[in-house]
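Below sits a lone chain in structure tokens, taken as the form predicted on its own.
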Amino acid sequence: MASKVVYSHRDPMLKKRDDFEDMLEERRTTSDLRYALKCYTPALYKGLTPCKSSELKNMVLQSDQLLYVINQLSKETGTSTDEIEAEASAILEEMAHRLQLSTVRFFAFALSKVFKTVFRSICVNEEGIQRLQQAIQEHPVVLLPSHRSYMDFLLMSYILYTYDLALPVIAAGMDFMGMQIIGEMLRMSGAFFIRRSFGGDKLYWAVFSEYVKTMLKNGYAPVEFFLEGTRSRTAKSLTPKLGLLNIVLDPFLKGEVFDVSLVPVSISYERILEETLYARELLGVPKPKESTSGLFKARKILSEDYGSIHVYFGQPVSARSLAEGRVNRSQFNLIPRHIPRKPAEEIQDFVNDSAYRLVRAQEENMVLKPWVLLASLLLQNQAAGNKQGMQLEELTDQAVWLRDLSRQFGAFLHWPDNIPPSKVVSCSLSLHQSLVRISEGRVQLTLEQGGRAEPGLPLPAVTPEEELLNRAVIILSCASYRNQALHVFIRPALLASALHAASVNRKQEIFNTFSFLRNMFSDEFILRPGAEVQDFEEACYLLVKSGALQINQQQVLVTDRGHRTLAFLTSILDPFVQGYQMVCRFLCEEATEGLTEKRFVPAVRKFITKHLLSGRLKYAEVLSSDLQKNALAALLRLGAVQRLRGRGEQGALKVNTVMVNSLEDTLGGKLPTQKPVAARL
């Protein structure tokens, strides 16, 4: 069982943290078959009896909203309502789940076998389970897990089945439906399948939204979806997608239910099953298509050790409390509820703000393992040009220092205090031996030439580009672990970088630079829109608390002991700063005539590869397509790059080289004469 960790935060959504229990402990000593066939009687919303899938489909097809949309489309297209109704029925047939307890029991049995083989423990906060059990009986519930692995939604259903809670219906991508047998089994265990994008398909949107709202309003089952929309390949939280959140909040906003409970769930993996796969995807290797044969080929993972998983069910967040003082719900009384309409700006802002708060709550309850800190230190050491690695003792000393700093910053850290630090470090390194090795007392990332030769034969020859790619796979894999801690360090790191760039120690000047950097990186990290002052104050508070800074009304001063902390923080942000600079340089130096969004990533990757091979750039993680796309999104948002809308120019980009140059200079520490933000402290 994990040691107790208590942490309070000024954000009311974040309460003290609970203890964990290893749910696999009982599975290791009792029959899996008996467990799968156990009496399963979950309590439902207001004591309802479960609804059959056929009844649910009829309710959707006969709903006022869907019938209204069908009539409107009939008038617009001249197609008969019968034809459109048949199309709606076909969409629903393709989409809908068909939950069957027999399939759930099969998965419970099979997953028990897999989880006991692959993971040392699956730790769950049982207080969170109790809170969820209560919430399910009182209000419609929406489960919002973090999304770092294919394993997430299987794990969620497995946990709820184990604790005798109502199984969720889960939004899943259509790609899973194409998996023979497995796709249908997922449908029978609660998955409903949706297209990745609907375009302007009004009928599909109407069927989809009505299906989700009907399940939610009637409380037939908790609805589960991923706020980030897709798996994060970088282990950073992704900018939340608002489509499904808009749908699940709609019944509350229209007064059809008293409240909706939104439950953020944080799933933390000590070792991610897809770590190398993700790194290769970020380097441009196409994602393998989901298939049943691919699943069987992946069974070799059963012979490996993936450490522990921590799953933290956060405090249920009341939609009613989020909306209090923010939303005037009387506006929904002016138009009949069944008539679809575009949300007002006030509603869009409310949903967007709620999404950021919920993702932040997920982040705050992520459990960080020692390897997250070790990966951060090893990457910084490697970027500093130390090819010999670090002495094991030095790495341990630095890890203990970073452990204490991260705890001061409020990290939810799983570092056993009853075990000597040297043992904690060596166990962590042992689990990740595919990424790191210990040789003659020194710890190094495994950046040697990729591939293995047959005994007695030389290693196969590789080009400099291939060697760089092999190194980048290791570095991006390590970076994905370092990224798990970025939510802890990002605000202090932005302040440290602002201090580094500022030529004076005036608080207002430093705040301006902080705000510029925060705005620049708001596509990269979870930074709530409009919260610049709160984030600056939080960063100041944490750095004063850790003894790194002294701050008065006008000035920000670095203490003697603060230099080490600030050096670490600026280094953690440096790969992102250099990555954005390289994107700016590419857009200014390379011929961007006729550049399109589709061609952007391959072209910028080629440009960055050239700079890495020449030694002019030290961070191989700048090759990440995620970072490159986020940099382009920032430049588009700031108006330095524009999308051309003309005919035949779909996806074409127009670059304002003067503005892009200015942004590159500012990122490099050459501060603009004009203040980058209007906000004042």
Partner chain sequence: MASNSSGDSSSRHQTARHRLSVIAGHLQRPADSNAAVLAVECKAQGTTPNIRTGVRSEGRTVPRRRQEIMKWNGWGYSDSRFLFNKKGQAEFTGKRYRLSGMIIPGLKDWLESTFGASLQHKAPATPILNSSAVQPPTVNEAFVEELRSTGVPFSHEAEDRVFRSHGHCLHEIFALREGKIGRIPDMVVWPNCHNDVVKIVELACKHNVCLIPYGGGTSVSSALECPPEETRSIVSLDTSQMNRILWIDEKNLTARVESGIVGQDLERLLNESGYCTGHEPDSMEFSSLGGWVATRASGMKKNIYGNIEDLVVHIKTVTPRGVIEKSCQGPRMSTGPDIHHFIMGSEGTLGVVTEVTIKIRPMPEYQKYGSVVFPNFEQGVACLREVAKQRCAPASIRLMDNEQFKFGHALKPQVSSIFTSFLDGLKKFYITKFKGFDPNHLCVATLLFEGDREKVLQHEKQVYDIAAKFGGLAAGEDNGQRGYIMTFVIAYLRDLGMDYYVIGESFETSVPWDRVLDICRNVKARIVRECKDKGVQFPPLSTCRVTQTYDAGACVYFYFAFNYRGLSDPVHVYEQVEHAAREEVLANGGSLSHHHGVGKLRKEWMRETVSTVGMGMLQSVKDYVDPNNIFGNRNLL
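Positions refer to the first chain, counted from 1. Owing to the predicted nature of the structure, the values given are computational and were not obtained by experimental measurement.
The discussion below concerns the form predicted in complex with its partner chain, not included here.
*Asks:* Does its partner chain get within 4.5 angstroms of any non-hydrogen atom of W205 in the model of the complex?
*Replies:* W205: no contact with its partner chain in the model of the complex.
*Asks:* Would G284 count as a contact of its partner chain in the model of the complex, using a 4.5 angstroms cut-off between non-hydrogen atoms?
*Replies:* Flag for G284 set to no.
*Asks:* Given that its partner chain is not shown alongside this chain, does N333 nevertheless sit within 4.5 Å of it in the model of the complex, heavy atom to heavy atom?
*Replies:* Answer yes; at least one heavy atom of N333 falls within 4.5 Å of its partner chain in the model of the complex.
*Asks:* Decide whether R187 counts as a contact residue for its partner chain in the model of the complex under a heavy atom distance cut-off of 4.5 Å.
*Replies:* No, R187 is distant from the partner.
*Asks:* Given a 4.5 Å cut-off on heavy atoms, tell me which of 316-324, 390-398, 346-354, 494-502 is the interface stretch with its partner chain in the model of the complex.
*Replies:* That would be 316-324.
*Asks:* Since exactly one of D259, D523, E597, E537 fits, which has a heavy atom within 4.5 Å of its partner chain in the model of the complex?
*Replies:* Flagged contact: D259.
*Asks:* To verify the annotation, which of these, P529, G547, P416, G255, has a non-hydrogen atom within 4.5 Å of its partner chain in the model of the complex?
*Replies:* Going through each option in turn, the one that passes is G255.
*Asks:* Each of H139, R329 and R337 having a non-hydrogen atom within 4.5 Å of its partner chain in the model of the complex: is that the case here?
*Replies:* Looking in the model of the complex, the three residues H139, R329 and R337 all sit within 4.5 Å of its partner chain (heavy atoms).
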